[in-house]
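Single chain ahead, by itself, as structure tokens, in the form predicted alone.
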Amino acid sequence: MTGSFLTTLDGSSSGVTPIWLMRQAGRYLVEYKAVRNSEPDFISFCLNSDKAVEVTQQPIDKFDFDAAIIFSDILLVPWAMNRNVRFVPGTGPLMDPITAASDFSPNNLDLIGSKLSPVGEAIQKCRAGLANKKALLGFAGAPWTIITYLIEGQSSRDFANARKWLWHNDRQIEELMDTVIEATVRFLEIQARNGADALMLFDSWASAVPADRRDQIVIKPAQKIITELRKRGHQQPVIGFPKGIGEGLLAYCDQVDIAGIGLDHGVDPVWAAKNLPSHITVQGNLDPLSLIDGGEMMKTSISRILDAFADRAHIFNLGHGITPETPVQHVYDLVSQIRGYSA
């Protein structure tokens, strides 16, 4: 397979800056909402392989992005392992919080293959329907991010309960981490085996980890996942996205065998271009809220990012997911500017 996304992720110059956007299949598209409203709940939607393929393809058809990301959710892993995950309108994801590592039992790991097989079916169908030059990404939540939901039972502003576990339940954190790592590997395996061209590991709440625990909680688990995937025969390139760790990106890039590093919008692209290893492709990092107003300020920010990464492999993306209130025309404007860019 060829295409600017995979060529760039491999570290080579493809002559163009490939584009895709986190949450590019989402509520800012009326086409997405029409399909979403046909399912009674969000998990049923994610596990309907035909509908997952339809919404995965929508932004490719509309904006001609260089990569599709399979429509799924990081919380399918705890759902598959019987944590009663549900998505409540106006509230967000909820699940039964754990009180001990044994609540997330390794005895439930075998449920992942059967309960999440529709994700593999969607990957197969989507890969068959995409143009050869378009890449298809699979993804999973990184262990710490999954652990925050397991302990808190929902999202949180400061993840106080999960952070308390770091200080008061160190042995149990290690036990829990081992189970979550294996669960994550199995979920990524389903996607890799069924045709994903690349994989992404979202550590959306990595910023909550104290700096002196990053190696244990963020970096080593990411590397363990990649090492295990390689042992099991899956060679797809991996993009890491440890959101909000600032200078910790240096250690992450040095110690995790990633092909690409996702940058949140808090990272200065000039600093990143100068300091991150040149063999790692950078991905990012426009503030998604700039797309709401669009206009010259958005265009100036896009140009700054493109200029900063002009001399290295760069995949254009946002610093986090696109928001539901984003005007579609502003996405067209973004794509037009990037396609017309020349350093």
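For every residue, the number given is its place in the sequence shown, counted from 1. Just so you know, these numbers come straight off a predicted model, no measurement behind them.
The form predicted in complex with a small molecule exists for this protein as well; it is not shown, and the discussion that follows is about that form.
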Among the candidate stretches 176-184, 68-76, 225-233, 207-215, which one is within 4.5 Å of the small molecule in the predicted complex when only heavy atoms are counted? 68-76
Between the options R27, K62, R304, K51, which residue brings a heavy atom to within 4.5 Å of the small molecule in the predicted complex? R27
Residue-level contact is defined here as any heavy atom of the residue lying within 4.5 Å of the small molecule in the predicted complex; does Y149 satisfy this criterion? yes
Could you tell me if F104 has a non-hydrogen atom within 4.5 Å of the small molecule in the predicted complex? no
Partner proximity in the predicted complex: W165 to the small molecule, non-hydrogen atom cutoff 4.5 Å: no
Within 4.5 Å, heavy atoms only: does M22 come near the small molecule in the predicted complex? yes
Thinking of H265, G295 and Y341 as the candidate spot, does the small molecule come within 4.5 Å of a heavy atom on all of them in the predicted complex? no
